[in-house]
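Next up, structure tokens for two forms of one chain, structure 1 and then structure 2.
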Structure 1
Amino acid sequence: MAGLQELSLDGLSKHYGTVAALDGVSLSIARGEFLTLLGPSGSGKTTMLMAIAGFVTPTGGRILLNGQPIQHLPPDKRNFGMVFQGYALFPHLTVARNIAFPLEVRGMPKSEIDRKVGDALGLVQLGALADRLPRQLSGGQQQRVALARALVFSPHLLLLDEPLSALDRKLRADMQIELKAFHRKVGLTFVYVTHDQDEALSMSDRVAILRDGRLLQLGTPSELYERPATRFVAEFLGRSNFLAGKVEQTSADGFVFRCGSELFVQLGPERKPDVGTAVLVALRPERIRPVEPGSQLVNILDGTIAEFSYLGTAFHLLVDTAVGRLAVTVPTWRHGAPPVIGSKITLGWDADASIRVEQD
């Protein structure tokens, strides 16, 4: 493979009339990193990927590869590999010819093409299927052909636009594991687009969360999940409950806030708000647990089970409380008998189980 590269975006913008598909996005992608662009439809993630690839011309800002601006270069001069959502394989060409295509258009000698195609087939473990047509392959095998074709010409980095979205749930989960292992094997920089939160969490070194063309937060999956900066990030990356209240008192390591008629304790490293300040606290459903009345947990709340879902490994409860309806996820092995709608339940959580977030 070619030498590993570093990519940077500096104030990247793209406007369509008065609409900002990208609005001054800046970030740096480390060499060999697996960076995922995550966001809902219309957030700007595909526009960003296509601008990096050279298929979309930015309105403003720069794209730099190893410190050198490349936003003026056409796609074929950037030497980036691309894997599309539908794989974009040529149906009339064999697996080997599909993989050879980028080398043929570059005018490489046949002997070199044959060698590189053989290496690429071995990399994705498809050597035995070289003479098959795409329609004779499974979805996962077509995915590997698309990867091999994107890598065969030794690109600087690999761009992937929702490449697993066409696969069924089981195959998609298998391919997530396989693609992450493949990334480690080739050591190339991956820039990956998805709207699937689980996919982003399970595969990425870092995740960039986008909304309305703006970069809201960038961090490792655990950083974003454990310490979301805003309500949108907390909601989009997994489920969250939100408790809105006013600070009653503060201490060196946290604060007490009132939410309706209830008082709750919040500990954490974030900056402490002043007394009287309105706050919003995010609380993940799995951080709440049913407890016996009189539990010594610092945050206790009584409620009534309104709904529940059986998810195999867990029950997902909706509990009506004095501060609104809360979602609670309880492992089935700990809950025993299935929940009963209308039954009373006492909930509890630790003071450091939640986090203060900003309202969007």
Structure 2
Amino acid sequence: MAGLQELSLDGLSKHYGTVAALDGVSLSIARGEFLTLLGPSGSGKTTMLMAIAGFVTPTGGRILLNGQPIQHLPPDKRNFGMVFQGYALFPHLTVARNIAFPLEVRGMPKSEIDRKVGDALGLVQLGALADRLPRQLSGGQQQRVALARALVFSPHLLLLDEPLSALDRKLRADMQIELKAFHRKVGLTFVYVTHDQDEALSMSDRVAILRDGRLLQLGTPSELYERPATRFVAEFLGRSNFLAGKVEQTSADGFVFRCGSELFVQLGPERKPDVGTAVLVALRPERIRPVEPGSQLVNILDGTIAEFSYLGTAFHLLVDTAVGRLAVTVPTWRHGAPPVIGSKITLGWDADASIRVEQD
């Protein structure tokens, strides 16, 4: 296995005429890390992966492997493994010949190829299917062949382009776990592209959120979920309520802001705004809970249940309040009787349950 490599992007840009598919993205990927590029379609995540793989020539910036610029190397000289969307297995070659392909084009001796292909087939537990053609395999098996083929030549890192998008929901969940375990087993750097938030949160060491060709935020899944930097990130990763208001008062570790007729307290490590500035605060539905009227909780709000849906483990409520309609998720076990539409409810949340985000 080749030593682990460090990849970094330095101001990487790709312009098509006046349109920027990628606009000055800089980030570095640690050795052995599972990094996910997450964004809606057109965010530049695929362009970024294709630039790393060598299929898109950047119009600006550099791609560095262990400090050496590689953006001008052709794809076949980069030694990066890749799992394509739809897998791109060669339809005229058997499973074993597909996996042997990268070794054959490198001119490796036959005996060594056979040994490595055998090892790779064992790694993905497909030894019994070595002589099948790709079209005779299930989606999950095809994916394992694609993985084995991308790893058999000891690449510097592995690129994955929405590899699970062709699978059905159930198989997708299984493959997420399998891929994650696989990453631990081979210890290689994975760069994974997806538009599926759950996939990104459940599998990655770190997630890079992209939008309109720009890197919005990079962090661990929990950092991104708990401390989104912008409204877009908060909305893109899960659901969120937003409270727009004006700062009334500041203290050492937070501030009080006015939202319509209500006053709320917000505590957190983020940079404190000056009194009088407009702020936007994100509040996750599961951080709000129903409380007794007159509760001592610092943030209290009265409302009326407008809609609810039953999700098995939780009720999802929409509550009309003085600051607008809020989404609230309440665990089923906590709620007791099912909610009644039109009934009064008092909501409360801790001062550190919410977070100030940038409007974008």
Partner chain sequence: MNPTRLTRSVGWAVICFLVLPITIVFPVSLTDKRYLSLPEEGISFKHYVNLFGSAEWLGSIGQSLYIGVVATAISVTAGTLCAIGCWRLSSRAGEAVRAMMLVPIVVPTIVYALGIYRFWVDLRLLDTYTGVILVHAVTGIPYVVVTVSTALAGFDARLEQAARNLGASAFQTLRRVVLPGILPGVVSGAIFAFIHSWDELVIVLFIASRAVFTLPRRIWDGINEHLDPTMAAVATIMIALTAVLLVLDLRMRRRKEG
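Each residue is numbered by where it sits in the sequence of structure 1, with counting from 1. Predicted model, so just to flag it, every value in this text is computed and none were measured. For clarity, a rigid core is taken as the largest C-alpha set superposing within 1.5 Å between two forms.
- It is structure 1 that shows the chain in the form predicted alone.
- Relative to the superposed rigid core, the position of the CA of residue 276 differs between structure 1 and structure 2 by less than 2 Å.
- Relative to the superposed core, residue 244 undergoes a C-alpha shift smaller than 2 Å between structure 1 and structure 2.
- After superposition on the rigid core, the Cα of residue 93 moves by 2 Å or more between structure 1 and structure 2.
- Look at residue 106: with the core superposed, its C-alpha moves 2.3 Å between structure 1 and structure 2.
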